[in-house]
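Below you'll find only one chain, the form predicted alone, shown as structure tokens.
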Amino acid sequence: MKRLYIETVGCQMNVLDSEMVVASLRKQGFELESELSAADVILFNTCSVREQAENKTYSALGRLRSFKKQHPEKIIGVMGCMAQKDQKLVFERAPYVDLVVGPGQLSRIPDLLGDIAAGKGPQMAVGLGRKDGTVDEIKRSHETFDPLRDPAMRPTPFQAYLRIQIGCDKFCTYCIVPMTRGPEQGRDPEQILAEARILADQGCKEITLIGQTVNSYKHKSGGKTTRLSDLLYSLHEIDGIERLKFVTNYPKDMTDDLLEAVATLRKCSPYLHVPAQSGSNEVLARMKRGYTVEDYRETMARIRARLPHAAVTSDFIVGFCGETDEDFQKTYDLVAECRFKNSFIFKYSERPGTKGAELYPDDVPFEVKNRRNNELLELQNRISEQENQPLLGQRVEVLVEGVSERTKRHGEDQGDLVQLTGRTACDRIVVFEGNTRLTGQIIPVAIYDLSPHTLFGAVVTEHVGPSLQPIMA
């Protein structure tokens, strides 16, 4: 038996990539190992979206220098976006690394590990750059190897990511993804549906469709174009699947047919992640986001009109090149106006290889970025708590994910009852006491307390609160 240790940082794409790599290596006789030192193969699945993620990986590799000297037979590999971006630089900074594989070449990992074990030396497999071949050649070099799946690698056995699109053609000036994951490609809908049926057969109840700009999904075949809305109608018919979500969305592609599908289909969660990134038209233009603040407001107005109870979340980058106090105030005002369920707020991090790094100086001081980040975060936390207030005393439907992090950390023993956690259809986290046998079920929970990011409740039994009707939360 060969033993594999894998460490993953970054987005949902990376989580899914790791799952599929593990599935392919299990077919080669590997078993997962939780202790790095006990593994025969050590893989790091990396992210390049922010500098901090790259530094974390290089620090982890640095700590393995002496370990590799003591155990030269161990294989150390770097995969994912940082591997695609840095390529030979990984070998230069960590010459004891044996394997570098970009996200479009992950299906080759079993064969490459075989070559290394056979004494053929370090191996590298990366996708073509955006100018290094024809469009078809570049796309083929960034192909995925869905649908190899491994339930043990998922956040829970009852929830799974399903990739419907790879790559990105938006070319936002701050983003490295179009270079690391290649051209935008929508997967064949029949392949997607087949994979969803596999997930349902494995006991999965909630599927989250993922893509860099998932609502841009299109697949053309035989004169027919399949859109995301069409996919949702087809996926809705699969027995066993109870919830459908999709992330991340591009504001300009939030079409009326997609909103109609979410409003019409019972299994579709009214949860939409729609990154704005900035509230300033000048900053959006430098980011090359392809829309104005007025466009974004129009998108939000259509969402609120068709899905008045939808939970909308967003992303914001503070301190982007040239952002003034006036620009930031416009972002602050947009958050206050839109009242998102929550927002993911990041300080701008210049990424080599992007147009932003090439065209604009990173001229906002770190202290200013940090202050703006904290101000926007404080506003969003206040809004999140206010938006949760109407749920007090209400009954919500929760997919039970398992014991809470607090229970795991402290090993609390409360007899038959432990602290459990789960999520509503709108992706709100709910904490409550219950029996672990509830894990994997969708159950009613009455909410009695809340914080900006967590609801606290009690399981509704037949003799408690019979008049309480479930709401979509």
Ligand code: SAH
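Model, not experiment: these values are computed from the prediction. Note that residue numbering follows the sequence shown and begins at 1.
Keep in mind that the form predicted together with S-adenosyl-L-homocysteine (SAH) is missing from the display, and what follows is about it.
message = Although the partner isn't part of this model, could you tell me whether Gly186 comes within 4.5 Å of S-adenosyl-L-homocysteine (SAH) in the predicted complex, counting any heavy atom of the residue?
response = Contact with S-adenosyl-L-homocysteine (SAH), no.
inquiry  = Is Cys268 near S-adenosyl-L-homocysteine (SAH)? Define near as a heavy atom within 4.5 Å, in the predicted complex.
reply    = Cys268 lies outside the contact set for S-adenosyl-L-homocysteine (SAH).
S-adenosyl-L-homocysteine (SAH) contact at Arg50 in the predicted complex, heavy atom, 4.5 Å = Yes.
request  = Could you confirm whether Gln123 comes within 4.5 Å of S-adenosyl-L-homocysteine (SAH) in the predicted complex, counting heavy atoms only?
outcome  = Residue-level check for Gln123: no, no contact with S-adenosyl-L-homocysteine (SAH).
request  = Would you kindly say which of Thr299, Ser280, Gln277, Gln380 lies with a heavy atom within 4.5 Å of S-adenosyl-L-homocysteine (SAH) in the predicted complex?
outcome  = Only one option qualifies, and that one is Gln277.
query = Just one of Arg351, His142, Arg286, Lys74 has a heavy atom within 4.5 Å of S-adenosyl-L-homocysteine (SAH) in the predicted complex. Which one?
reply = Contact residue from the list: Arg351.
query = Can you say which of 168-176, 94-102, 232-240, 186-194 gets within 4.5 Å of S-adenosyl-L-homocysteine (SAH) in the predicted complex, counting heavy atoms only?
reply = The contacting stretch is 168-176.
message = Only counting heavy atoms and a 4.5 Å limit, does any residue of 233-261 reach S-adenosyl-L-homocysteine (SAH) in the predicted complex, and if so which ones?
response = Contacting residue: only Thr248.
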